[in-house]
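Single chain ahead, by itself, as structure tokens, in the form predicted on its own.
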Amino acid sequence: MERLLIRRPWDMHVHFRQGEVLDGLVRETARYCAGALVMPNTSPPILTYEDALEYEFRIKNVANRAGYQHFKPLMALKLAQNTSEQTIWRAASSINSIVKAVKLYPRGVTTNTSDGVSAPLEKNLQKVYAAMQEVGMVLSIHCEDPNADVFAAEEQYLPVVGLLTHLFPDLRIVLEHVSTRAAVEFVQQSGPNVAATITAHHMRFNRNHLLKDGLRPHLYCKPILKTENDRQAVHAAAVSGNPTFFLGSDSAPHPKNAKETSCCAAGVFTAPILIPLLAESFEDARMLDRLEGFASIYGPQFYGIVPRQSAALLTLVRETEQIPHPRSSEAAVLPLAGESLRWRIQY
């Protein structure tokens, strides 16, 4: 196969940041995606419907000015320990219903989460989950215990998720960026209300790529890359055709000088090469025909959005293209910079 046409992807876990970098990051995703679920752990954070509405306006303004009027940002609120059910009702009652999820970050688990949740099963938050269950809003979870060993953190937070599924059986839950066999199996053994996003880097890399023969800081992320056994499980889930596993890139850019330092920031920046990177992984598994489902259909469907059969198509061509190095110390570094990919998007 020399050419592949798929419906435009939906990235169900993307970081656009705030401030000056917003323009470039929105353009980088909007040029090939139909839409994206935008993460709320910004500075300042997205805590209310009004925050989300203002953030969505700025994102759409950038996309429209760049000529990407097709791009639809979906918004998430950041769950705080004092979030109330009124916040959920307010977001759900809006005419355009732009808020599709509430994101649970355990306190201190990743970037900008010092105001995260320390007691996820507290009574006032149970009222929030009940309201979300009633209105059909998704609970998106960064599934890691911030107090656990970094390589065991995801597995050790699964009991919390298990309790939530027991207490709120109709609540739709997404485990974000699953990185372990244990998390994959948890989703597989749960009902259809539990799903997971998968990143291109957790499909492709394991902790040896990060740590063996020298530390590669541009592959450092949270959740951290795991064993080859875990990577294989994540990869198999992504290419399986199971609609409870779908694309969430967690593309998280940091400037070169923030990654190549004594204490580097967590995040892998894949947005500019995301779809060619995925195409290689699916082709290696001889499952290229399942890329469209994973990248373009299953995610929006779980969030209640049905991609049109007539939606605009994205064309991938088999043509070697080198991954560029950053132009300055302020630019983000792509994984595999200097190496080549077998596929590229034809614009």
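Bear in mind that the values here come from a model prediction, so they are computed numbers and not experimental data. One-based numbering along the sequence shown.
Same protein, other form: the form predicted together with a small molecule, not shown, and the subject of what follows.
Only one segment in the set 8 to 16, 21 to 29, 334 to 342, 319 to 327 has residues whose heavy atoms sit within 4.5 Å of the small molecule in the predicted complex; it is 8 to 16. A single residue from the set Arg172, Arg231, Lys100, His254 has any heavy atom within 4.5 angstroms of the small molecule in the predicted complex; that residue is His254. Checked against the small molecule in the predicted complex, the candidates His177, Lys78, His235, His218 yield a single residue with a heavy atom inside 4.5 Å, and that residue is His177. Contact annotation for Gly267: at least one heavy atom lies within 4.5 Å of the small molecule in the predicted complex. Contact annotation: Glu154 falls outside 4.5 Å of the small molecule in the predicted complex, judged by heavy atom distances. Under a 4.5 angstroms non-hydrogen atom cutoff, the small molecule in the predicted complex lacks Ser84 among its neighbouring residues.
Within 4.5 Å of some heavy atom of the small molecule in the predicted complex lies at least one heavy atom of Thr110.
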